[in-house]
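One chain comes next, on its own, written as structure tokens: the form predicted alone.
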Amino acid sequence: MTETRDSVRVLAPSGMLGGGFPPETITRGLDLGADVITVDGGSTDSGPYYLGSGTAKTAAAAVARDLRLLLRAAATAGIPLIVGSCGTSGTDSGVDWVAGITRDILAEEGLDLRVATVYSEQQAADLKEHLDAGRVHPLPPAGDLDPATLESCRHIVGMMGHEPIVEALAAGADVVLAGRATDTAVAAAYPLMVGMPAGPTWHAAKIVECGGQCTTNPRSGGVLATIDATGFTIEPLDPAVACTPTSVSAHMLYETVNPYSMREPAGTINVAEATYRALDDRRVRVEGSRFELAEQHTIKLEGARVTGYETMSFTAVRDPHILGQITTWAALLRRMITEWVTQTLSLSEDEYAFDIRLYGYDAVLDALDPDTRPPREVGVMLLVHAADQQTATAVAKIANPLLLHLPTPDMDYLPSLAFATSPAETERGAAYEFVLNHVVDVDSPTSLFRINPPEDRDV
């Protein structure tokens, strides 16, 4: 599939596979002439746990529901379906998880679609060779990479551009299930493959990455972007919703350091001279976007490692006297937990850590919140971190009586607070942190990725 087209219509059903969308919007996208369906399957928004553990944040049933509708649509229209960052973080296990769901649906529905998988997980030993050769570079604010950091990671993925996806499509895939990929690469791959210009393609891909978020009602479903030689036009799949110049241009503010440019593995999207014009009350025309090729193709690395184990307790304060001096009470709670843990468990402060978050008071903004009025009620979350689960839970149990009955220094009675659960302690298991913010210089855009082309159909 290498023919050049006058235009390409990209259907983006939602911002994330498993997030749901109205089925009728997919039907409308097909009626409007969609040439490809693209959807992101993951994100780092929910923190390092999903990469570190190699598990998905989405429910299998939700992913299967969305996939069933999209696979049916792709088969009906005879167009490709591309899913990026499978299984949330794009690990090999995430790709295999989505591939397994896909195989089951194809069998149940009797659909004859050829599936390719693209794997993005990296091995520490291979990356050490790149590091030794001077091909690994930090991104601000990270410093130089220590080889030991690579060894400490449970999982490392490389963030692919469009090229591995294109290679899978060129091999005859009807469905491409990719590991970690830039959100934009998922939508840009097919248009670039069939000859659409890079500037409009990459800009359109950025705008459609979150489906309906670029519309006046982000909950309504997805969008359709039509890319051609001079720009692109975008419209919602829900007839009752609109794209406006403001809603479309504003999406360049989303998850970008600079609203006028964004780096991809192959270069930089530049929209400084882009124009946004309403064609009618629902559609927007965008022109003037550019894509500037980089001198060096780079692949961004993401890695997560275990930092310890956590146990959580949650209680609620309704006592008006405590609420009137909640910061004094919280300071006393911190001091007494530390004293009781030292006395009872003989732990030094470098053997564990804990955090107290006052939800309803300052848990979200902390000192940045200027509102000092006494709250009506406060939820108190104790989060204990230690090298092993047993220690974390022991510290939380030591704190249990304090979270239930701790008075302020001036109270002459014992208050009763309200635990949210019984038992009060919830073991959260391993805690993870992101430790890689680095890029690798590569000679080939596909060299760090393993592409499994679709198997030939039975004749």
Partner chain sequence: MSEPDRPRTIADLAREVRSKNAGPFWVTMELFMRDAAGYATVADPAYLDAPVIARLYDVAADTIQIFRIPELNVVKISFPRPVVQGSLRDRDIHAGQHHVPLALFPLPVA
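None of these values were measured; they are calculated from a predicted model. Residue numbers count along the first chain shown, from 1.
Absent from the display: the form predicted in complex with the partner chain. The rest refers to it.
A heavy atom within 4.5 Å of the partner chain in the predicted bound form is found for exactly one of Met312, Ala353, Leu323, Ala330: Ala353.
The partner is absent here; in the predicted bound form, the one residue of Leu253, Leu293, Leu279, Ala387 having a heavy atom within 4.5 Å of the partner chain is Leu253. Only one listed stretch (445-453, 21-29, 432-440, 7-15) carries heavy atoms within 4.5 Å of the partner chain in the predicted bound form, and that stretch is 432-440.
Put simply, Ala133 is far from the partner chain in the predicted bound form: not one heavy atom of it is within 4.5 Å.
Contact annotation: Ala240 falls outside 4.5 Å of the partner chain in the predicted bound form, judged by heavy atom distances. By the criterion of a heavy atom within 4.5 Å, Ser249 is counted among the residues contacting the partner chain in the predicted bound form. Although the partner is absent here, Pro48 sits close enough that one of its heavy atoms falls within 4.5 Å of the partner chain in the predicted bound form.
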